Every structure is written in C-alpha cells, then in structure tokens.
Ligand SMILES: Nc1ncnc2c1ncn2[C@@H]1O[C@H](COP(=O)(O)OP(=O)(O)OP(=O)(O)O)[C@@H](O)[C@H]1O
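Heads up, the chain below is alone and in the form predicted alone; it's given as structure tokens.
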Amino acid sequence: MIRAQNITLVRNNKKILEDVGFDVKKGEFVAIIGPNGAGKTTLVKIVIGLLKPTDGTIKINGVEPEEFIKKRNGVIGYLPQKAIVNWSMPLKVLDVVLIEKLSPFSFFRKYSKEDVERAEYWLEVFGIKNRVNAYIRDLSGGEQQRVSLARCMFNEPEILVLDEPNTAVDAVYNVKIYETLRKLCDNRDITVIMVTHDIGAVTMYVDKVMCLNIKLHCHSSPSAINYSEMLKRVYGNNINIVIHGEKCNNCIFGVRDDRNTH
C-alpha cells in the first residue's frame, strides 16, 4: 500500500533523513521508534504529503500522497504531536469530533443524526463517550488525546498516522489505545503508522517496527529484532528494554464488533 524508496531530506546542508526505504502493507500496524531528532515526525509528514523529500519517492497505491488524497477524500487520518484544536475554546467534545462539519465563524450547527451517531461510536471506541457533552477545556490531557483519536477516525480513513498519540495518556490507557489500534487493523483493515517512544509496550501489538535515526536501521517484525544491537545503533548506547505483557481487564475500551458499517 505504501512504498518509500531512497527518501532523503536535506535542510540547511544537514541531512534530516538519508536513504530511507520501506513498504507498508494494507492493514498493517507499524511503529516508528527512535530518539528525539531522529526524523520520525519528518518522515510521517512525507508519508502523508505535507513535506516533499529532497530525493526519493513515496507512493500510496502507486501514486503520490497528494494524488491519493485528492482522488479519495478523507482516506488518511493524521494526529500530529501538537494539537490542532485550541482546547480553551468553548466547544464540547462532540463539536471537536465533528469539527469539519462546523460552519466558518460559527459554533452553532445542527448535526445530522448520522453524524452524531458516528461521532458517538468513535468516542465509545476510544473510551470517552461518557464525556460527549463536556466542554473540552474541562478535559484532562489524556481525555483530550482520546477525543482527538475519535476525530481522526470520524471519516473512517484507510490510513491512520499518529505522531506520539500516547502523549499525556496514562499507562492503562496506553495499553487500551494499542489494543484498539490493533483491532482497527484486524477488523477494519486500516493501516496504522504510529510514532512512539514506548518501545516495550508497543511491540506486543504491532506487525512491524521501524527503527529510525536519520537512516532506517531496521524494519521488521518485533520478534525478529535484536533489541540490544538495535538500541546501540539507534540510540547510541545500551538501554535495557522491558516488554510488557499484563493488560487491564477492568476497563471498557475497544472496538466493538457489532457494527462494521455506518
């Protein structure tokens, strides 16, 4: 589905990315890991067409990202590191999920029944439906992040690109987010690319791990990676890694199987 070949990006005579190449199949869950300044955010912006590489090509189903998006509106969901929502605005949770439905210069719109049902569905998926009528300024950071995930999924994209979606989310909901993303891949054939620093936990759920530090040092299944060697090459020193196995059984949070279409 996604193919990158020889991606290089140079800024001010400095290489941000160098000769990066990879393939991502439809329905795969891929984690991008690496230290700060490794080029992770830059790479995902190239994937979704927000940046152009200096050299190399990126294709989605054989065409450039801009053409892919133009032909099939709404097929890529993107959650950046920095919020695109002003959380101090007098908006409710439902308004944020349906923000594309708001009229310019107006917060007063009567949403369709179908829009509301779809928004509530995705809020439930990410465990935040109980706050649907809350003002966003009253949400915790973790709740805001889960509302943002519901907003990204409202148009039911084929590709979901997340830049550190577990920011401000506690450990329990980190696991629940990973479980939910895994189910989105398995049940809906959505392709998920996620930038994360949570190496230990995420390896339980992803199909592939991309280890990036300007160059791509690995791109393989979690079980095939020599973590000791990878950490030396990518992070520059020997860091111990813990793979988490315990999951929270007391939280209602995950993709329902009783509804496949809207």
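The first residue of the shown sequence is 1; numbering continues from there. Here the structure is a predicted model, which means the values were calculated and not measured.
Omitted here: the form predicted in complex with this ligand. The next part is about that form.
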Proximity to this ligand in the model of the complex, single hit among G49, G27, G39, P53 (heavy atom within 4.5 Å): G39
Which residue, H197, K70, K215, K59, is the contact with this ligand in the model of the complex, using a 4.5 Å heavy atom cutoff? H197
Can you work out whether this ligand is within 4.5 angstroms of a heavy atom in all three of K14, Q81 and E164 in the model of the complex? yes
